[in-house]
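As a starting point, one isolated chain is supplied in structure tokens, in the form predicted on its own.
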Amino acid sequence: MALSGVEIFKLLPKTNCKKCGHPTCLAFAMKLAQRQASLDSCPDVSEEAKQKLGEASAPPVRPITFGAGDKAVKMGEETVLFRHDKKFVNPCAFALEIKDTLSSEEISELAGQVVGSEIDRVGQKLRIDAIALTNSSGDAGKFESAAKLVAEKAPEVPVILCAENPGAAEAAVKIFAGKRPVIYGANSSNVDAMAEIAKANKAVLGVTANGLEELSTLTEKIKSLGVEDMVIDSGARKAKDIIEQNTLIRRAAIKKGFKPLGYPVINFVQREDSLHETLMAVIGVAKYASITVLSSIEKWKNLALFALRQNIYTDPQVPMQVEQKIYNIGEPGPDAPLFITTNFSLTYFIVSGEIENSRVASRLAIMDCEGLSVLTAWAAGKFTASKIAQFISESGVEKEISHKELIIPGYVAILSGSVEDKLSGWKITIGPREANAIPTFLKTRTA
């Protein structure tokens, strides 16, 4: 269980030296209790206290990384049940199942789909994160051959090796040496052998069971065998069971501090009907899965799941926003139009996208309004005439343009007169209310 601020304070040096950046040891202890500070900030804490506080301050869901390099997947580290309490930390990873019974051409095609799945949405790179290679044949040789092909066709993609046969798992895991794969398939009948393979190859171990009681018994045993990093599967496959058991796992870890279930969860949601599978994946994303395994990754499905995941794993208390500056859309010359809007990410990407669609090179002034949309920022007093005038004046954009015309969003047309008063010598033009009218607006101006 987590320690209170007072309990943490008792383990600190109590010197009030301020080396940690806080005025007193008590203030530092309170920040530690709220997980808003790191124990490393205190240079004088004893080794005994480090051990006790390290265990107490560890996230209830163990942080684990599988894969290597820029595309490695981080899981766990969650501290809350609900995102309005504090944001969820590590987004659910999507993995495409590839069976070793498929032909070489089919395996290569599916691996290529994963590699090519990346899209850019509101400034974030979103993709299918992993490949779940399944030993459907039961043959260790076929599994090894399929693993070699996956490693060749998708060398940077993290891999989950799904095999209950220790021999097949051991043969395949060596192909991914140094890439930290997940070996999924440890159960009550093979736990010793699978734990040894994971330990020897520095892999994450995927544990599967029939219910939570068996699962917690297995994770305790595996930990005693020297394997710390695990992903867990309660055996739930139906929607009702996934919701129920994932919730119980998360509650046990966070509310009760129950370590045997304090690991990232993997859900297998494959269905013959792609829409049904998508709905099952939605449940996994919304209800605590760290990995969701799919049987297909059509573009429409990816976009729906990416958008859902992106929204759930943003901070509900901090709007998504982009940097304040003047953005060039295309290659604008001195006479190119100059637009202005707020720095809410969705606003920026929609407006910039419509300007790109118009094929009229322009400049887009993005003003810091704490990530609020145009009308919200205006109502909150963050997108006002004086602030707009100050931003444009300080941006230096006048040196790049041969005109003094600023196009403001149609929704704040009421600001046009006051902005002209504040920006001496400038002409303020009222642009469209909706971004999708920008191409017509620009073409009309240049006609």
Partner chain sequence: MSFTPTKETYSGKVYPVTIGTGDKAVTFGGENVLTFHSFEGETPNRPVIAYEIQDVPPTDWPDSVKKPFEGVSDDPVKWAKFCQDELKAAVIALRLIGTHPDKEDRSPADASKTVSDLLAAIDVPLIILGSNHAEKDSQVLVAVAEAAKDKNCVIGKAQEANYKTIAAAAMANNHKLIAMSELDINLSKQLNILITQMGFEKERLITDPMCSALGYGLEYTYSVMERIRLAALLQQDATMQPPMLGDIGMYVWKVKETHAPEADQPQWGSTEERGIAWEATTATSLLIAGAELLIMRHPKAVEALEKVIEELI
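Rigid core (definition): largest C-alpha set, two forms, superposition within 1.5 Å. Positions refer to the first chain, counted from 1. On a predicted model such as this, the values are computed, not experimentally measured, just so you know.
The next section is about a form of this same protein that is not shown, the form predicted in complex with its partner chain.
Taking non-hydrogen atoms only, Arg83 approaches its partner chain to within 4.5 angstroms in the model of the complex. With a 4.5 Å cutoff on heavy atoms, Ser4 does not count as touching its partner chain in the model of the complex; it lies far away. Proximity of Ser188 to its partner chain in the model of the complex falls outside the 4.5 Å heavy atom cutoff.
Looking at Pro260, you'd find a heavy atom of it within 4.5 angstroms of its partner chain in the model of the complex. For the residues Glu354, Asp368, Asp139, Glu77, the 4.5 Å heavy atom test against its partner chain in the model of the complex is passed only by Glu354. Residue-level contacts in the model of the complex: of Ala252, Ala193, Ala361, Val115, one residue has a heavy atom within 4.5 Å of its partner chain, and it is Ala252.
The stretch from 265-273, 99-107, 332-340, 153-161 that comes within 4.5 Å of its partner chain in the model of the complex, counting heavy atoms only, is 265-273. Residues from 60-81 do not approach its partner chain in the model of the complex: none has a non-hydrogen atom within 4.5 Å of it. Relative to the superposed core, Gly330 undergoes a Cα shift of 2 Å or more between the shown form and the other one. Leu375: CA moves 2 Å or more between the shown form and the other one after rigid-core fitting. For Ile355, a C-alpha deviation of 2 angstroms or more is recorded between the shown form and the other one after rigid-core alignment. Relative to this form, the distance between the C-alpha atoms of Leu308 and Thr376 is increased by at least 3 angstroms in the model of the complex. The Cα-Cα distance between Glu356 and Leu308 is shortened by 3 Å or more in the model of the complex relative to the form shown here.
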